[in-house]
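Have a look below at one chain only, the form predicted on its own, in structure tokens format.
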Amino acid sequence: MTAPLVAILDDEPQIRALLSDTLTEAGFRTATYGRATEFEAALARATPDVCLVDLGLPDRDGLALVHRLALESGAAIIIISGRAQVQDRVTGLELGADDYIIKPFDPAEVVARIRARLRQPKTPGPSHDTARFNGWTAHFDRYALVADDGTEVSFSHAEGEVLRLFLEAPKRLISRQQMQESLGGAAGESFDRAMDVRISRLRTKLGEDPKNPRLIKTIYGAGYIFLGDVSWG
């Protein structure tokens, strides 16, 4: 089996080398880029499994690039940045990043976060590329929600992980702990905030009333429950 490919975009040569060496020793393939233009040209030829993206790029706004990757690439996206403010992390997650690592970082943690992102779904297979529910069809192979009237809305890799989790367990309570165990990542405030952001964005894309959502219900102090009827395939 071919090792997963991790694309590393950072304008600091030392960080690129450190990440590339660490990930290669951990069994990954890597490709490194110092500028967004080089990175985007490479994406046109092949899609990596994971993209590590620094926000402080010399030739492109890092957040804008993250948003484009989330909508178009299908790769898992992990931001690695020196911006440690909560608002920076929230913005990165809102724009579609799967995870956010603050510099300076422990290389072993980066490896662990990547492995968590690459976890295979519990019920893989072609029959789980498409799911129908409440007037929508979710196409996980192309990261799109299509309404019965033909309206199409894109979702990110991170949003797709959460949506799949709900659709594979409809009408069952999913606790925060279950979400953390299924999706990976360190438990705590950062993970909870990431889940809140992704669920909020999913509700918006599904046309949910934020004050009284019909499909994705919050059970305060317990978790979430998806109330739709789901059919796969």
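Predicted, not measured: the structure shown is a model, and the values here were computed from it. Quick note: we count residues from 1 along the sequence shown, nothing fancier. The term rigid core refers to the maximal set of C-alpha atoms that superpose within 1.5 Å between the two forms.
Just so you know, the form predicted together with the DNA exists too; it's not on screen, but the next bit is about it.
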property	result
One residue of 61, 192, 181, 38 in contact with the DNA, assessed in the model of the complex (non-hydrogen atom, 4.5 angstroms)	192
Candidate site 196, 220 and 224: all three near the DNA in the model of the complex by heavy atom within 4.5 Å	yes
Which of 95-103, 82-90, 150-158, 134-142 lines the interface with the DNA in the model of the complex (heavy atom within 4.5 Å)	150-158
The DNA contact at residue 68 in the model of the complex, heavy atom, 4.5 Å	no
Contact test in the model of the complex: residue 203 vs the DNA, heavy atoms, 4.5 Å	yes
Contact of residue 172 with the DNA in the model of the complex (heavy atom, 4.5 Å)	no
4.5 Å heavy atom contact, residue 176 and the DNA in the model of the complex	yes
Residue 76 C-alpha moves between the shown form and the other one by 2 Å or more, core aligned	no
Core-superposed C-alpha of residue 174 shifting 2 Å or more between the shown form and the other one	yes
Exceeds or equals 2 Å, Cα of residue 26 between the shown form and the other one, core fit	no
Cα distance between residue 177 and residue 67, which in the model of the complex differs by 3 Å or more from this form, closer or farther	closer
Pairwise C-alpha change, residue 27 versus residue 158, in the model of the complex against this form - closer or farther, 3 angstroms or more	farther
